[in-house]
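Listed next as structure tokens is one chain, alone, in the form predicted alone.
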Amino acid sequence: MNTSGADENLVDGSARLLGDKPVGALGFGCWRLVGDNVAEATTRIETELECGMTLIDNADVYGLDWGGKAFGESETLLGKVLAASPELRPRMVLASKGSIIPGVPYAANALYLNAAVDASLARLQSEHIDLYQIHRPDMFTHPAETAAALDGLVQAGKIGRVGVSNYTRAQSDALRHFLKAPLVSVQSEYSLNHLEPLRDGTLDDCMRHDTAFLAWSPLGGGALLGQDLPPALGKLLDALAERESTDRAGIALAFVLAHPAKPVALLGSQSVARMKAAQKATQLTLTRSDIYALIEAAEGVPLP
């Protein structure tokens, strides 16, 4: 049997594009970047950038979990880092998100978005956000209103690019229809513990529209590193990790990077050592056989 091409390495560690802006295959998610220790936060951000993780993804609601105490806390801490070390800002693609309001819970109307972006800019101590995403869809604001507000913010120079997070394909299409600016990113959960984007058309849609896919929780919130996994998946992860001289985290990240949509895997670890180790995932080898075996082991049923 001719298996030419079947054994090629699918893991792609090259740069991705957010519209016209290149970013690394791995990015840093700031949901755990909380507190007020500027020195420690600066070390983390410097490490991410040194490791090629140029997309720094924040949100105004970050700070209400992972030990944080206030809405906007993560943006505030990152803003202090940028104020103390302004040379870091040109090295990163600064992203933030808005639309989650505790107690509401969602708003993406024009009045809210204009105020939210201004507040994020103040906390980030920046004049410009490179990528601004609607964090979760507000189903009771017409997408035309959301689109007009985002276009206005782009024209005002407050945001550079527009994206969405946790949107369905239909919701993305509706917003894209009314936007003048391109929709450059879709951010959703994706990992061996959450394969829905493979099945629901999200990744296919990103390829169709040349939209960057940003994968949050690529390690399944740490579940892929623990013991509560389907036995077959745990065994296969360990076997591949041994073959590739890495660990489960490396294989799980390489799996995300193997899709032809060229996802960006967003990492939230606060460990400098883990961040440096994660960079090796871009250099691992996973073939089609490896990828499909991982999917079968994760879902517990053979592929048809």
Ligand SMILES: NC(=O)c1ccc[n+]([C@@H]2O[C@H](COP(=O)([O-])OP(=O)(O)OC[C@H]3O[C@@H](n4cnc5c(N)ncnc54)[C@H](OP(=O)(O)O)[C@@H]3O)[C@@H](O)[C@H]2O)c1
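All values derive from a computational prediction rather than experimental measurement. Numbers follow the displayed sequence, beginning with 1.
Omitted here: the form predicted together with the named molecule. The next part is about that form.
In the predicted complex, does each residue in the set H135, N166 and L225 place a non-hydrogen atom within 4.5 angstroms of the named molecule? Yes, because H135, N166 and L225 each have a heavy atom that approaches the named molecule to within 4.5 Å in the predicted complex.
Based on heavy atom distances of 4.5 Å or less, which listed stretch (34 to 42, 255 to 263, 233 to 241, 270 to 278) is in contact with the named molecule in the predicted complex? In short, 270 to 278.
Answer with yes or no whether Q187 is in contact with the named molecule in the predicted complex, where contact means some heavy atom within 4.5 Å. Judged by the heavy-atom cut-off of 4.5 Å, Q187 is in contact with the named molecule in the predicted complex.
Can you check whether R123 is within 4.5 Å of the named molecule in the predicted complex, heavy atom basis? Contact with the named molecule, no.
4.5 Å heavy atom contact, E46 and the named molecule in the predicted complex: Judged by the heavy-atom cut-off of 4.5 Å, E46 is well away from the named molecule in the predicted complex.
is_contact(C30, the named molecule) in the predicted complex, heavy atom dist at most 4.5 Å: C30 belongs to the contact set for the named molecule.
Tell me, which of G201, G152, P182, G220 has a heavy atom within 4.5 angstroms of the named molecule in the predicted complex? The residue in contact is G220.
Using a 4.5 Å cut-off on heavy atoms, what residues in 248 to 263 are near the named molecule in the predicted complex? Read in sequence order, the lone residue that approaches the named molecule (within 4.5 Å, in the predicted complex) is A249.
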